[in-house]
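Shown next as structure tokens: one chain only, the form predicted alone.
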């Protein structure tokens, strides 16, 4: 979609709501909300509660679910100084890319950031200014059909090889029993930011590094990384459908939640949806850390999550900052965790009995969420999107059978060197 077309869709998507009948002195602020899973409704509910409490009004702006398309739209709006959005929902990798367009939230926070995970606050701090408050964090996890693993005599896998073995065996048995739509493993294989997250997990689990290291050195072309990507390519047309090459989060969840996959890589949000009253797999799902690359590998998950930032072009920055502080508060993060399994960024909530009762794996996988592998967005700065695009395209070429992993990563190394020559 061209940027002008995106902007037209965006303009049509703005929907005012809440507090039209509230105190006349209230002002209107707008917030961009994603719509993956229950995200949009949760955002709407939280914003409505704030509006009722303060006497202000809120407009919800529905933006593209694709992080790639959303970033392009944000860059277009912010570069023009547009006032269409006061509060931006931004990816964890964007403070370094977009931070110059956001106000410093520290003067508005009253120290609330001290309760959040330190690493995320550090990530959101650019040139000494707190450019965004953490809303929820994320790390990739492995969902599995607990009933099917038990029925066919498998334990939750600890390595990718174990996952592939169990997936193939259970898929074959289920198809023989009449479920011809069953697949072994679904994930996010489309050529977009989600594939960067998946592929970074594969590489890191094999000990292959993080594409570009903390010093800015390009490390992606190494034997462990080649092995990781080559291994993933063997899943296509065996345990994973070819259609996975065009799956994002919701496409993968749709297949898994309909009962047609044994394993799924996704973010924690999918838990509450899989457990919903109308879910065919309710009560049949388990969640574990993503597998290791091998006995010498490691469990890993890519750091995800979203933040809230206030545009420096906002006509009402103080009111917008107040909305941000409300939506990122302990009470609001607790509500979102219980209702829809969105990971809090406040450590104390991982010890909250009501949260753990609603999402048991938050306690079991706490280390996964607090030590997730970060994409190299800080070190590559405004060039991160070019780095990630080159990476996901290289991986996609291998998954789709166009180029072997070794040749693909070697070509990627050359492309990244060209980007770095202009300076990260």
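Predicted model, so just to flag it, every value in this text is computed and none were measured. Positions refer to the first chain, counted from 1.
Another form exists, predicted together with ligand GLC; not displayed. Remarks below refer to it.
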Practice task
Tell me, please, which stretch of 162-170, 215-223, 309-317, 87-95 lies within 4.5 angstroms of ligand GLC in the predicted bound form when heavy atoms are compared?
Solution key: 87-95
Problem - Contact of residue 305 with ligand GLC in the predicted bound form (heavy atom, 4.5 Å) - result: yes
Problem - Non-hydrogen atom contact residue 194 with ligand GLC in the predicted bound form at 4.5 angstroms - result: yes
Practice task
Look up in the predicted bound form whether residue 32 has a non-hydrogen atom within 4.5 angstroms of ligand GLC, and give yes or no.
Solution key: no
Exercise for the section: Examine residue 263 and determine whether its closest non-hydrogen atom to ligand GLC in the predicted bound form is within 4.5 angstroms. Expected result: no
Exercise for the section: Could you work out which of 144, 187, 135, 267 is the residue within 4.5 angstroms of ligand GLC in the predicted bound form, going by heavy atoms? Expected result: 267
Practice task
Scan 174, 332, 113, 249 and let me know which has any heavy atom within 4.5 Å of ligand GLC in the predicted bound form.
Solution key: 249
Practice task
Within 4.5 Å of ligand GLC in the predicted bound form, which residues of 37-76 have a heavy atom? Give them in sequence order, or say none.
Solution key: 67
